[in-house]
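Below sits a lone chain in structure tokens, taken as the form predicted on its own.
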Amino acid sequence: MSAVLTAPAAQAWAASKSRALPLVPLVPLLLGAVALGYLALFLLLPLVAVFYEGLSRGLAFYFAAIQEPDALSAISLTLTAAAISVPLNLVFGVAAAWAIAKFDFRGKALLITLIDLPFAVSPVISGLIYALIFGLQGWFGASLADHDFKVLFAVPGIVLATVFVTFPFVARELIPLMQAQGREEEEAAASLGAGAWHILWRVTLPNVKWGLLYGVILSNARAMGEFGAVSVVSGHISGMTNTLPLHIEILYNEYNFAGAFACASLLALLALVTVVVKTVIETRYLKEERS
């Protein structure tokens, strides 16, 4: 009796399922169209607008804007801050990730929390903290002034602010990767008599090289594009303490829109190069994982 009663329901369900099946391939297409439309509206359109406005007055004005003395000084300072902060964050990130993933010690949870601190604190707040510490009325300001050493409104302050906002990237890329790989290979190498540095260079780092490169790329991109923390500690001295983002702000406030967008296009090019390198690294990493 139950079989007789359930047969029509089963047939109806099978019929509805067969009617629904042709709609299934449309779901990925619809989701892809929504994603592409979102990216086009909020990513591609602003990117195109940057280059369009930067080139709106011709190539001659474009190259003149990025070769202007204040612009060259801003580009040089941006590259200098990145060239100092990224290697420092590389060393810190490797050391922190190695300690957290491969060893057990008291205070590990506190160290992880401190690594995540720049993600939770506004960059402007971090700049104000450096002003509180190194300003003339700060903790070390008077002592530094007595020795004629400037931190605020000088390159050291810009480097410190850049280091603070970028130091989590390398560590945060390496920690989960090292934890997923476990400690077996390091323990095997140690049992064979290998020293700590030999284990690090020959065992640990080769296993995380793609994650390491990925973290360095993200750290470099953030270092060159940082605005908030650097704005507080730089003093906005044209030709001396302005990084490229700060120089773009000054040009925009002076209604030199074409010059501002011309300089902004350099940061946009950096973003595009970062995306391309990131994609190449991810592709090579996936190939190694499959092989």
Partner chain sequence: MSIQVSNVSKHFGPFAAVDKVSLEVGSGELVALLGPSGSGKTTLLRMIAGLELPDSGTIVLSGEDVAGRSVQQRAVGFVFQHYALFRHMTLFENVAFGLRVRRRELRPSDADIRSRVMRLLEMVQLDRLAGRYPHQLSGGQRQRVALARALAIEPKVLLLDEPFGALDARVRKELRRWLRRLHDEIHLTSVFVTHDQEEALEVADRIAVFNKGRIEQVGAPDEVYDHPATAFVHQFLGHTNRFQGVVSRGVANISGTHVDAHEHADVAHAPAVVYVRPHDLDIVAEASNASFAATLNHTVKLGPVVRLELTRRDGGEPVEVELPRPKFAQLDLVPGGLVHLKPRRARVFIDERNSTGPARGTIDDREVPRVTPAPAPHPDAQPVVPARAA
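On a predicted model such as this, the values are computed, not experimentally measured, just so you know. Numbering follows the first chain given and starts at 1.
From this point on, the text means the form predicted in complex with its partner chain, which you will not see here.
- In the model of the complex, P206 approaches its partner chain with a heavy atom inside 4.5 Å.
- For D146, no non-hydrogen atom is located within 4.5 Å of its partner chain in the model of the complex, even though that partner is not displayed.
- Taking the partner from elsewhere, L192 is found to have a heavy atom lying within 4.5 Å of its partner chain in the model of the complex.
- Using a 4.5 angstroms threshold between heavy atoms, Q181 counts as touching its partner chain in the model of the complex.
- Looking at 211-219, 138-146, 196-204, 82-90, the stretch with residues near its partner chain in the model of the complex, meaning non-hydrogen atoms within 4.5 angstroms, turns out to be 196-204.
- Proximity to its partner chain in the model of the complex, defined as a heavy atom within 4.5 Å, singles out one entry of A188, L111, L72, L117, which is A188.
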